[in-house]
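For reference, the chain that follows is the form predicted alone, supplied as structure tokens.
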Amino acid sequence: MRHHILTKLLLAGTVLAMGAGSVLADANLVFRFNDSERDEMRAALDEFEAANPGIKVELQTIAWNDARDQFLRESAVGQGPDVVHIAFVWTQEMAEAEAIMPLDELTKYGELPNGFDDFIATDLTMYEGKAYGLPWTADTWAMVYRTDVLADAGIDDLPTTWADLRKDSEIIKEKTGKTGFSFPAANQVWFPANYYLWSNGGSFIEADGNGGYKVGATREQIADDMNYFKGYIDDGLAPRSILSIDEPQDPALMQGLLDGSQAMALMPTNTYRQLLGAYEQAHPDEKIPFNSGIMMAGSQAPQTHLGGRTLAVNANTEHPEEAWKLVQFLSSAPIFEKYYTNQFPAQKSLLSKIEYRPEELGFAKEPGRSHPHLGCLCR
């Protein structure tokens, strides 16, 4: 009897020791990040490591254009970062590929402070009845204006339709010699092209009612869409060089707005905040000559999209508890207050506390829509 009791005590002690070891063991995580704020994110991770001495985090960066395919290749062979930064619209595909963990396997390590319902765009995280990934940031595209250039051209009111935008561009070119409206005309022309089509009653892709998809616009609607943007280049209203520009934050586009040689553009939230910051840095004592407004209307009301970023935990991670702790930290208010300041959090409780600058109100009023096929080229 005494032998059996001693054996049980030794076994229990061994189990406890193993459990304590798993909690206290050092964990080396990898976080892959796709945006430009590398230094700021590294500072945030340093704060996380200081608060969690047993966890070290390596920061990897990758371009958005490469991020999706790279992670899917790695996860298929049991590799990849522990925590991955993805677009809203990649989440379901990665869940289907069994590349990321469902949230119900992670929240057992710690609940979200205000619950999952506090997050926006949660429908884009769902796959076969489960949520995968945590919405991290939210953004949309809106119009941006150099108010001084508009004034120099005698334009008092902001344009409200695509036709107005074209007319004002012609006036600016004629009266000032400057560019009125310009845009990224390579891959990311996909965004304004969708906004134009939506506001004119069409859609490149729509549900067919049978679980599949179909083209949601006529040939004439698509040709009108393409010709609208092509006309700015053909008629000399925008420089032909924009055909090689892929992103709205390209320095060639940003410089025209910064130096006042261009009056109007469209861009996502984070790019606009970068633009405002760059102008303030270059002109610290001057009034901001920028304003923002909602997207242009066509034959119907203006439309843009709801985009954003998601954090997901790799299904192959050896440290799911520590990875989830990192995701919770990255989703907390101090991240957006101190480090990731160009982004809006994808949480209702945090969004309600944002004080928009007067120059940002166009983004706050933007009529966005969640679209499962828009966003794969964003950021």
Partner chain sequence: MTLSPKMRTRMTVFWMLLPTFLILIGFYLFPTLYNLELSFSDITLLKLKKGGDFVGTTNYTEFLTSSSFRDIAINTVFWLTAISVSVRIVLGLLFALLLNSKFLKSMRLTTIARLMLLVPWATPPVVAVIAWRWLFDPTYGPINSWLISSGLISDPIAFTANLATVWPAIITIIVWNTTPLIGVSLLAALQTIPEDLNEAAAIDGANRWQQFRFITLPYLMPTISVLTLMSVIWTFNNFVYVWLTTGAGPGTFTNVLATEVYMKAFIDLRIGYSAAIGVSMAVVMAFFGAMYFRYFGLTEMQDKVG
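Numbering follows the first chain given and starts at 1. Worth saying up front: this structure is predicted, and the values here are computed from it rather than measured.
Only in words, not in the display: the form predicted together with its partner chain, which the text now covers.
- Of the residues 177, 154, 284, 251, just one reaches its partner chain in the model of the complex with a heavy atom at 4.5 Å or closer; this is 251.
- A single residue from the set 316, 342, 331, 34 has any heavy atom within 4.5 angstroms of its partner chain in the model of the complex; that residue is 316.
- Its partner chain is not shown here, and in the model of the complex it never comes within 4.5 Å of any heavy atom of residue 214.
- Proximity of residue 240 to its partner chain in the model of the complex falls within the 4.5 Å heavy atom cutoff.
- Taking the partner from elsewhere, residue 97 is found to have a heavy atom lying within 4.5 Å of its partner chain in the model of the complex.
- Using a 4.5 angstroms threshold between heavy atoms, residue 114 stays clear of its partner chain in the model of the complex.
- Judged against its partner chain in the model of the complex with a 4.5 angstroms heavy atom cut-off, the residues 46, 52 and 278 are out of contact without exception.
- Segments offered: 333 to 341, 349 to 357, 318 to 326, 64 to 72. Contacting its partner chain in the model of the complex at heavy atom distances within 4.5 Å is 64 to 72.
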